[in-house]
Ligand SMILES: N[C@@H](CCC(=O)N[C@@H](CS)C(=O)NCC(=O)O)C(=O)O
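Below you'll find only one chain, the form predicted on its own, shown as structure tokens.
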Amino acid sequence: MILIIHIRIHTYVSMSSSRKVVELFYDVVSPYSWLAFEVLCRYRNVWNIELKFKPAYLAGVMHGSGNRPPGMVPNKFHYMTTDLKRLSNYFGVHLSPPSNAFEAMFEKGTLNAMRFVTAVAEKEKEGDMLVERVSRELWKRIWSTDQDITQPASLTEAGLKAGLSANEVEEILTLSKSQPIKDKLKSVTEEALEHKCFGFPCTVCYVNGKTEVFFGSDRFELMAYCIGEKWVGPQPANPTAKM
């Protein structure tokens, strides 16, 4: 019996240590980040990967890399609105741009929201279930139901829907305004820039001592090839789904 237990533990450790680490740098202001987020969540138990969420601040990455948001270029902004409709069906994610996307993305922004997510991540010492749920609720608000994500009441509602208690939400709201959380968000944003990110989503894969960086939500087939996994479309539970 002792021998069997030892073998099982050894096997589990061996399998765990061989998992490929995949980091997703994202900001809920980015609808394309939502698509990448959902795909990686679906594949976390299909591919042999350890998925790590890296909530960061897209505006900081754009500024630090010298890039311009697509929404600031009229033709790109027009294309994006059409593109998101197609991608919504293809990825199986209910995307519906806010009535005033420019205001939501560039005037209101997501600094408070991303500090809130960062505070959730800091408070959640083990696992990332709450970070996943809170991020998803914030994406739904801005990119599905056209709701605010800048005010404390809005963040509170998202936190409650994600499964946090009222006391936990209040504690996280307070934490999100603290200097350590502000510094943490800035640090992760700088980490993204160190990977030469110029926008989100930015996915960083660590395989056999090598780092592979992928931008966008349309590089999963290439990503799978590079990390030795199989891509069967954005909905692995329905691999026949095609564009």
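Since the structure is predicted, the reported quantities are computational estimates derived from the model, not experimental observations. Just count from 1 along the sequence shown to find any residue number.
Although it is not shown, the form predicted in complex with the named molecule is what the next lines describe.
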In the predicted bound form, the residue from Val188, Ile49, Met62, Cys205 that sits within 4.5 Å of the named molecule by heavy atoms: Met62
Contact residue in the predicted bound form, from Thr211, Asn67, Asn45, Ser178 (heavy atom within 4.5 Å of the named molecule): Asn67
Does any part of Asp218 reach within 4.5 Å of the named molecule in the predicted bound form? Heavy atoms only, please. yes
Quick one: is Leu58 in contact with the named molecule in the predicted bound form, heavy atoms, 4.5 Å cut-off? yes
Test of understanding: in the predicted bound form, would Phe200 fall inside 4.5 Å of the named molecule by heavy atoms? yes
Whether Phe37 contacts the named molecule in the predicted bound form should be assessed with a 4.5 Å heavy atom distance threshold; does it? no
Within 4.5 angstroms, counting heavy atoms, which one of the listed stretches 49-57, 188-196, 170-178, 29-37 is next to the named molecule in the predicted bound form? 29-37
If you look in the predicted bound form, which residues in 129-167 sit within 4.5 Å of the named molecule (heavy atoms)? none
